[in-house]
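Given next, in structure tokens, is a single chain: the form predicted on its own.
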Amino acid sequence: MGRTGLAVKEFRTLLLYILLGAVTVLALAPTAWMFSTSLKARGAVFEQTIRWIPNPITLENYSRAFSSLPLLTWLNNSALIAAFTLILTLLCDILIAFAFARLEFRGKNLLFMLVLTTIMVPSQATAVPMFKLINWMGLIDTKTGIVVPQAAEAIGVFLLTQFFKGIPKELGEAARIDGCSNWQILWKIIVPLSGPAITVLTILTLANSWNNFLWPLIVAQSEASITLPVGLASLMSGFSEAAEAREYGLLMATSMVACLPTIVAFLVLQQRFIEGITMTGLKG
């Protein structure tokens, strides 16, 4: 490659970096503005001049969010529901994926396709029959009623099935010769080798459960069961025209508190998350 060719390649690389930088700035701008607004005093929220760095910086909105709102109850409810949803989802998806990947039974392929088709069904379409079922079970306004319908997501079954298929069958056959049952092969061989895929499913499940709004809004009917997204919505709907100017800082502070757990979880697990996405794609 000549000098001209190298110059063209460097120019294309520079353009690519500029494009990526612009997209990154656009993607982060709303979050940065939310954080900036959460640190502004009441009177500075609707100033004509755009200030990314507030002057003065105050934590008053965060203090009011914890003192005047049931924020700790909302956080506690969301954390409990996300934790139990994660446990149920991992347990159900691992067992179902192992059956599809390693066991032979009549109608397996048809059943797997039926499971995958549920990915295309929007949650809004199943909300009414699901509500009737949960109501019949007597689980309305309970955390169990919010958690159970979220377990065993089809996308998790697909992801783990593809990963399990990529693990050499010889490992399982050798273990079976040594006397291991299917249950032992799953928990002693398959699961320990599937860390990246399970990490991906963990992050996706936690994010979906933490941010889920529609189903908790339908099931939770008392203050004791309300989750953080539903609480944020109730805070927004309670604004009046006169109160709007002084309460937006409070809303932004509450929204930042709601975002922090998922941001921290992603930052801690990002390396494993990227590895899991890459390996699952290659093995699929």
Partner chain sequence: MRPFNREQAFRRVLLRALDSSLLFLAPYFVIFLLFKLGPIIANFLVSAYRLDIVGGGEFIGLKNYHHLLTDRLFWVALRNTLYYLVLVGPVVIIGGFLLALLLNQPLRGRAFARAAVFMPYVIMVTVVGALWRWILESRFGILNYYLGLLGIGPVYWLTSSSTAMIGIVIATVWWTIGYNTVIYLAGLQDVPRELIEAAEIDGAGPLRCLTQVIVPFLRPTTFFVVLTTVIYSLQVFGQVYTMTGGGPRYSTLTLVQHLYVTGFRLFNLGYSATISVVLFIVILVMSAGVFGFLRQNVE
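Heads up, when I say rigid core I mean the largest set of C-alphas that superpose within 1.5 Å between the two forms. Numbering follows the first chain given and starts at 1. None of these values were measured; they are calculated from a predicted model.
Below: the form predicted together with its partner chain, not depicted.
Looking at T31, you'd find a heavy atom of it within 4.5 angstroms of its partner chain in the predicted complex. At least one heavy atom of Y17 is located within 4.5 Å of its partner chain in the predicted complex. For the chain shown alone, I218 is a contact residue for its partner chain in the predicted complex, at least one non-hydrogen atom being within 4.5 angstroms. Heavy atoms of F84 never reach within 4.5 Å of its partner chain in the predicted complex, leaving it off the interface. Between its partner chain and the residues A175, I198, I190, A151, the one pair within 4.5 Å by heavy atoms in the predicted complex involves A151. Taking its partner chain as it sits in the predicted complex, the stretch 162 to 186 comes within 4.5 angstroms of it through a non-hydrogen atom at R176, S181, N182, W183, L186. The Cα shift for S68 between this form and the one not shown, taken after rigid core superposition, is smaller than 2 angstroms. For L59, the Cα coordinates differ by under 2 angstroms between this form and the one not shown after the core has been superposed.
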